[in-house]
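Next up: a single chain in structure tokens, the form predicted on its own.
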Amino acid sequence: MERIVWFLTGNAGKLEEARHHFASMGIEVRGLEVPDGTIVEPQATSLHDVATSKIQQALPHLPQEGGMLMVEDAGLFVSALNGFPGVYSSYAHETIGCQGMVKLLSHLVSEDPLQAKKLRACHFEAVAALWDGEQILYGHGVCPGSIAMELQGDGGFGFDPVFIPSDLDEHGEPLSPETLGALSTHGQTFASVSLETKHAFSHRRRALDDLLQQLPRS
């Protein structure tokens, strides 16, 4: 029996990434379209709560042929700003943008590159929530890094032009700022590297991997 995941997203890149991941398990991913205004952004303090609310709001719009339902929510958490913008990342990007983020941290400078990374430490975090027909499963993914001194690159979306990921070890796991890893962007932001390189670091990819490990294979 064919297994289908309906993904509530308007981002074509996210949809393709999800299709790639679920294909390994023989699961088809289709985009779920709902009427404008159907999904109300919840006033929550965690990505987990945001994802849960969106799943609950979207469930009545699951196609009659059935299947599973997935949503994904992500945010940028800046240590020096007490975790801001976090769950409000989309709104923050729409209002102050990448340049505004750089300005907010313009006072955090150091001639020591390592100290500068620590002062401007942050992380991207993603939560993928999937209703499997009986319960909601959650996948979590984190990508630590730092905020760049200026915008770099033309690729990606959101805060990608100001986010520099931490290096990864030979197993693909993030390392501390002072450690040189097997995989590095060498100070380049997500917007400056190839999609393949970004995928290796991606918090969204890690959240989907976590989710897939919880699903039984057909």
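One-based numbering along the sequence shown. These numbers come from a predicted model, not from an experiment.
Beyond what is shown, the protein has a form predicted in complex with a small molecule; the following relates to that form.
Looking at A74, you'd find a heavy atom of it within 4.5 angstroms of the small molecule in the model of the complex. At a distance threshold of 4.5 angstroms between non-hydrogen atoms, S90 is in contact with the small molecule in the model of the complex. The small molecule in the model of the complex is not approached by R206, whose heavy atoms all lie more than 4.5 angstroms from it.
Taking the partner from the other structure, the small molecule in the model of the complex has a heavy atom within 4.5 Å of a heavy atom of D160.
Proximity of K14, F124 and K198 to the small molecule in the model of the complex is complete: all three residues have a non-hydrogen atom within 4.5 angstroms. Residues with any non-hydrogen atom within 4.5 angstroms of the small molecule in the model of the complex fall in just one of 62-70, 31-39, 172-180, 151-159: 151-159.
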